[in-house]
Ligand code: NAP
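Okay, here we've got a single chain as C-alpha cells, the form predicted on its own, with questions on binding and movement later.
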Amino acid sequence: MVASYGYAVKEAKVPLVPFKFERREPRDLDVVIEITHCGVCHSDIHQVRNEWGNSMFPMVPGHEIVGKVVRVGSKVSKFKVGDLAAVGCLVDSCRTCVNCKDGLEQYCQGGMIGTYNSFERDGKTPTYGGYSNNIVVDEAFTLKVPQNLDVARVAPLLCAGITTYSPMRHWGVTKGQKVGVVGLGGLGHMGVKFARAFGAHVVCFTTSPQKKADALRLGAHEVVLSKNADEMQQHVGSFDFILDTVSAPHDLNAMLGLLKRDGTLCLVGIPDKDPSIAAFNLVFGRRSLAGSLIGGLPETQEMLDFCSKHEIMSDIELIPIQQINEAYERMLKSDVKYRFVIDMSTLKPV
C-alpha cells in the first residue's frame, strides 16, 4: 500500500482536518503522482456538505490535480518518472460501453469512477482526491501537462477548463458566431477565454456591474447586466450559442429568448432547483436547451494542448492547505478571482 496524507471531512458539515490513509499498491499500468497543486471546485463544497445526498465519508476532496510522476508500473508506456501529469474528475470507467469506446468516459453507461467520493471498479475500494500528497491512477486516466504552462494555473483546467471547452467544441463554436457566457466565476471566466480563442464574438452576462471590467480583460467583447431589461432586449434573437455556468436558480427563459433560430443554450451549472421552461421559447425558433458534463480523456488532453498553443490558463489565488476551510467560505461569497488552487507543498505529514 502507498502511505498517504491530506485533508478530509469525516462527516457532513464539519471543517476539513488533517487525515492519514492508504492508497492501493500500484498495478502494472498505474502511475504514482506526487501532487504539487490541486484546484478547489465548488462541487467540493457540495460533496463535503452532502448537499447532493450521495457523499461518502471520510472524504478527501479534489479533482483538479497536477503533479510529478514519482513511480510507474512495469507496463506503463505513457509516462516516465519526473514527468508532469494531471488527473481530472474521473479515474476509471467500464471501458467497454459505447460511450467509453467513443472516448466519452464521463458518460460511461456502467458509471464513471470519480476521483473521490466513489468506489473503484472492485466496488469496495474508496477513491480519495487531490487534497493530499499523492495519488495512484491508471495511466489511461492520466493526462500530460504542457511544459509551457504554469502548473498552478493548469490545475483548474482539469474541471473548470474542460467543462467549458467540451460543449463549445461539441456545438461547434467558431469564428464569426455570437456566443454568450452566463456568469463570471470559476467556470465562466474560462468560458470567456475559450470562446474568444475560438474566434467568436463574446458577450458575458453578469448580475454584478463591478465585474464588467474584468470580463472585458478576460476576452469578452461586450458585457450585459442580465437584470437590466433594456440591455437584454438589445440582444434578443441574436446568439448562436449561450453557455450558462450559473449554479444558482435563475430565469432560463430570458436566455432562451436571446437565441437565434436553431441556437442552443447549454447548461454546465446545476442549480439546486429545477428550472421552469416555457415551451414557446423552444418551439418558436427551433431552439435547444442542452447540458454538458466535463469531457472524456481524449478531449481533455486536446483541451490542454489547445491551452498550450493559445497560452490559456485559469486566473487563480494560490493558498496553503491550512486555509481551505476559509477558502470554502469565501467561495460561497464569490470572493475569489477566479479559482482557488492549493499549494500542496504546504501540506505536512500527519
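All residue numbers are counted from 1 along the displayed sequence. Not measured: the values here are computed from a predicted model.
This next part talks about the form predicted in complex with the ligand, which is not shown.
*For the chain shown here without its partner, which stretch in 155 to 163, 170 to 178, 125 to 133, 234 to 242 has non-hydrogen atoms within 4.5 angstroms of the ligand in the model of the complex?*
Checking each option against the 4.5 Å cut-off leaves 155 to 163.
*Since exactly one of Thr36, Asn281, Asn50, Ser43 fits, which has a heavy atom within 4.5 Å of the ligand in the model of the complex?*
Among Thr36, Asn281, Asn50, Ser43, a heavy atom within 4.5 Å of the ligand in the model of the complex occurs only for Ser43.
*Consider the chain as shown here, without its partner, and state which of Gly114, Gly269, Gly103, Gly219 has a heavy atom within 4.5 Å of the ligand in the model of the complex.*
Looking at Gly114, Gly269, Gly103, Gly219 one by one, just Gly269 meets the 4.5 Å heavy-atom criterion.
*Does Ile319 reach the ligand in the model of the complex if we count a contact as any heavy atom within 4.5 Å?*
Ile319 lies outside the contact set for the ligand.
*in the model of the complex, Leu304 touching the ligand (heavy atom, 4.5 Å)*: Close contact is absent here: in the model of the complex, Leu304 is far from the ligand, nothing within 4.5 Å, heavy atoms only.
*Counting only non-hydrogen atoms and a 4.5 angstroms cut-off, does Gly88 reach the ligand in the model of the complex?*
Close contact is absent here: in the model of the complex, Gly88 is far from the ligand, nothing within 4.5 Å, heavy atoms only.
*Do Gly110 and the ligand come within 4.5 Å of each other in the model of the complex, heavy atoms counted?*
Gly110: no, not in contact with the ligand in the model of the complex.
_Within 245 to 260, the residues that have a heavy atom no more than 4.5 Å from the ligand in the model of the complex_ = Contacts from 245 to 260: Thr245, Val246, Ser247, Ala248, Pro249, His250.
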